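Take a look at this single chain, the form predicted alone, given in structure tokens.
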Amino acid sequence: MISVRDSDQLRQLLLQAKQDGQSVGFVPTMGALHPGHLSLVKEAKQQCNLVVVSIFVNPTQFNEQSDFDRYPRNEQADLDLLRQAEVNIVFLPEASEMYAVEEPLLHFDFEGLDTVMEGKHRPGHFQGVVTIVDKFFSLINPNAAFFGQKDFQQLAIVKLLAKRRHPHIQIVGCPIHREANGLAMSSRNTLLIEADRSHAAVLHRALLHIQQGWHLQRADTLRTEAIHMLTEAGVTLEYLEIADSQTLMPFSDSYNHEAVACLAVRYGAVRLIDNILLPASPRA
């Protein structure tokens, strides 16, 4: 495994690999790696000859400085995991490597994907996300890039970014990995106190309630019941929405589309998100 901090060195390594006919898979991360990240690496290794993993806590996608400051960082542990996973290249740039002084964010038309849920509660977040993803895509120019479905809205926006600006890059969404109690794996889980980590199992139970009742009850009824489950459990809820999985607009029972239930909650200063897919109605 080669660790690289310099963009020019990374370009040279990848140029040689591509000249040798190797396909490149890219897994972007912010570190604090867990089995969910490693599942992305595994998928990338299965589909591509060479795998690049980035570790970069991107400052432009944080709405709160305190959240950026508290974001878990453990570079040596991350490198040990990636070495065991037999990753080819790890890219660990400094902020100064990725951003010029006072460089503006990429302003991108998301066709409304950024006006709901995360976009509504974290204004400007997705501009920061696509700015850094666009930089990585331009630098690495992978054949495929691998993202977790836990960040469902982000995945939809990255797919749109690739369609518009990097159509040769395949965007691969990979399933959510969960802890034994159903809590979606996240780097932020390490910031939870043990009691909250155990209690947060209610998030998955609320989403399962919606999935199990799908096609049996109205979407708005299931949403109301799931919100009640969360509030009864004392969860600080930011949102719980049932949306069309393509447009992310509020779901209507008249639609015959796949839907997704998405939520965001807070346990003290720790913010968690999760989602679950809801199948389209069988056609008559």
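Source: prediction; values computed, not measured. For every residue, the number given is its place in the sequence shown, counted from 1.
Absent from the display: the form predicted together with a small molecule. The rest refers to it.
Participant: Which residue among Leu139, Ala85, Leu192, Ile132 has a heavy atom within 4.5 angstroms of the small molecule in the predicted complex?
Facilitator: Filtering the options by heavy-atom distance leaves Ile132.
Participant: Considering Glu179, Glu118, Asp151, Asp78, which brings a non-hydrogen atom within 4.5 Å of the small molecule in the predicted complex?
Facilitator: Contact with the small molecule in the predicted complex is made by Asp151 alone.
Participant: Taking a heavy atom within 4.5 Å as contact, would all three of Trp214, Ser252 and Ile276 count as contacting the small molecule in the predicted complex?
Facilitator: Checking in the predicted complex: none of Trp214, Ser252 and Ile276 is within 4.5 Å of the small molecule.
Participant: Thinking of the small molecule in the predicted complex, which stretch from 124-132, 100-108, 170-178, 198-206 has heavy atoms inside 4.5 Å of it?
Facilitator: Selected stretch: 124-132.
Participant: Is Gln61 part of the interface with the small molecule in the predicted complex - any heavy atom within 4.5 Å?
Facilitator: Answer yes; at least one heavy atom of Gln61 falls within 4.5 Å of the small molecule in the predicted complex.
Participant: Is Ala219 near the small molecule? Define near as a heavy atom within 4.5 Å, in the predicted complex.
Facilitator: Heavy-atom contact with the small molecule at 4.5 Å: absent for Ala219.
Participant: Does the small molecule get within 4.5 angstroms of any non-hydrogen atom of Ala243 in the predicted complex?
Facilitator: Residue-level check for Ala243: no, no contact with the small molecule.
Participant: Answer for Ser39 alone: is it within 4.5 Å of the small molecule in the predicted complex, judged on heavy atom distances?
Facilitator: Contact check for Ser39: no, nothing within 4.5 Å of the small molecule in the predicted complex.
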